[in-house]
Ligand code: ADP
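This document opens with one chain alone, in structure tokens, the form predicted on its own.
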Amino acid sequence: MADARPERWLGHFRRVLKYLRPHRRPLIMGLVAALGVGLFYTFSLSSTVPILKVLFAEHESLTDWLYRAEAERRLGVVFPADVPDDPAGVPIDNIRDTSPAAGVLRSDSRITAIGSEPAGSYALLRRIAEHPGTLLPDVRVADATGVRVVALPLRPHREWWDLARRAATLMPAGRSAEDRFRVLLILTAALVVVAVLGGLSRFINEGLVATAVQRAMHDLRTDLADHTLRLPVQWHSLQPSGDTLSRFATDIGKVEVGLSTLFGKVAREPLKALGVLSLAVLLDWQMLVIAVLGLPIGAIVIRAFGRLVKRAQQRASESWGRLLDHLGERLLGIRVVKAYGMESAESQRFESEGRELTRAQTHIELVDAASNPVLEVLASIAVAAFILYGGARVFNQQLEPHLLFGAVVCLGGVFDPLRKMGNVNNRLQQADASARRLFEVLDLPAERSAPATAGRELPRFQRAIEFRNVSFAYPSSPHRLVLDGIDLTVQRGQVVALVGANGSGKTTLVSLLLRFFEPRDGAILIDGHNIAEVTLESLRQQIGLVTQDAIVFSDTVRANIAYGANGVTEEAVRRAARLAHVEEFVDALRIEQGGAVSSGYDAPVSNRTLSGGQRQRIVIARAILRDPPILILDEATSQVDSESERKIQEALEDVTRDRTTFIIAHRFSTIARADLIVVLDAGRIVGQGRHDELMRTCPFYVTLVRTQFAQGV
């Protein structure tokens, strides 16, 4: 029964985070730098209020305004804003409901002196703002009842007051145009410094996060490649290569974007918003409440868009795999495509296959395109409500205009990071869908992790190979036996030819010996050791394989011959090349790449730069160099001409001496020298023996000789 539990949010993407652990040092440093980004972003916006005050004030200096604002807060009253210094004292415009002096002061009161020292309004406001205690005794207050002496309760200073007061003392205290310009110059210079520091913090944040993410992606790619190479041949035979390549090319890229977004935007932008929110709270928290009422709606919209993007990304990744697989097959068979005039037909098939990808990608782009406009509309509604509420408070003298403007700037400063976060969930959902495809491969059991491979080392082959009642069926057709009850014993040093019609099970039989597949029934023993109970390394080190595909990798001739044989000498490579008649063409190789010419064994080659016969000889030299006690030749001479075949056969005479060799071939000249010929028909052994014996006892073999081997008899 399938597990009906819902998936964890971003559950697959969270698993990718383990790849960041080895690189947590630059990541942590980058996240610390994100704090600097948020801090300096807040500082840059906070400068708006003093700059506006300096620009638009007619009488107060910046220092005067700071003392008046603190005096108003501590007393809970409203004093006249931006008025000339009044020698008669400071009048009170309004008493707030929460004022600690509500029972002492009235809206028509005027503070004329503190103690026995009358002073102008600016000096009185400064003394109220700086008074260290919570009570201001002996205050002379004039109102309709006359002049009286009272004690005014004061709220305590806020934590940052001392820092603000010290900063104010650094500013020119004059109120002339020159002094105001100097204050403006200082503020703008500080703004530039903050911008530079903020830019530096952002560079450090993005640079170090990118460094950690790229290193993590390198580890993930390496793990995925390593694990893919270790998966059973059975999986590779069923898995479209284009889909596998799509996981490397497309899905890893989406996961990389997700990680960069998570530790970039997600770490940086909320810190910026949080800093500005704190500033907005200091300016006026009531307006902020009005502005954030739309946030729940925005969160619902973001979540809905994320779900749409995740489903579309899953379809897009799968479509990419099919498209790459289709294109790869056609490019590999380009000669057939051209020979049969199928260019237009294949182009149409590619267009049809790509239409689903286009629909999925377009769906993602449309959702992305809709995310920001929807969030911007919600933000506009919030800003409109914010301005209306703030304007009403300005009109009722509950808020100064420059503070409203500063609060509007802060609101914009909050919504800008939130707007940038609008498509974050989309990116993370794409990354989660791609991570799921990556872990679909990484979670598959590798050959080396299967319980059967946890056995002992296989000793070097000495006596015999035995197939005991071996049966096998491919998972794609479990009811059709490819091999059925195979019983076969091969002695050390024998050359065994496997013959039969196409599909009779010849290649499957030797694939089971290599443990590319596991038999359904029966067992294969080497010197009495069940190969299912020994390590794959010790088994495959004793077997050399030459296939009809003649795979040559993009590397030098020397590296291709020495593939899988580490630490071999140059002389050993050249000896194997001589035996396989590689030297006949390698000395003439001249390959030019990027203006540099390489030749001989140092020449870079690939499947595209060599003929079929040349590739076949390199593959045979590779098997010779490995010097295994067991050799498998699967149509090893199928792509060479008669003269090359004759020379290779001479070389193989020496190579197969005292070596157990399995030969799959359709040429009589190849199998005639076999010590044992095994005849397969529909997965069963219908005859075995030497050629002359089989010609007398096996009618099916006689038919094969007269058809497949007729030219060589």
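Residues carry their position along the shown sequence, with the first being 1. Note that the coordinates shown come from a computational prediction; the quantities given were computed from them, not determined experimentally.
Keep in mind the form predicted in complex with the ligand is missing from the figure; the text below concerns it.
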*in the model of the complex, the one of Arg480, Arg460, Arg456, Arg182 near the ligand [non-hydrogen atom within 4.5 angstroms]*: Arg480
_in the model of the complex, the residue from Gly505, Gly275, Gly544, Gly258 that sits within 4.5 Å of the ligand by heavy atoms_ = Gly505
*Among 471 to 479, 599 to 607, 192 to 200, 124 to 132, the region lying within 4.5 Å of the ligand in the model of the complex by heavy atom distance*: 471 to 479
*asked:* At 4.5 Å between heavy atoms, is Ser237 in contact with the ligand in the model of the complex?
replied: yes
*Consider Met421 of the chain shown here, and say whether it contacts the ligand in the model of the complex, taking contact as heavy atoms within 4.5 Å.*
no
*Tell me, yes or no, whether Ala501 is in contact with the ligand in the model of the complex, where a contact means a heavy atom of each within 4.5 Å.*
yes
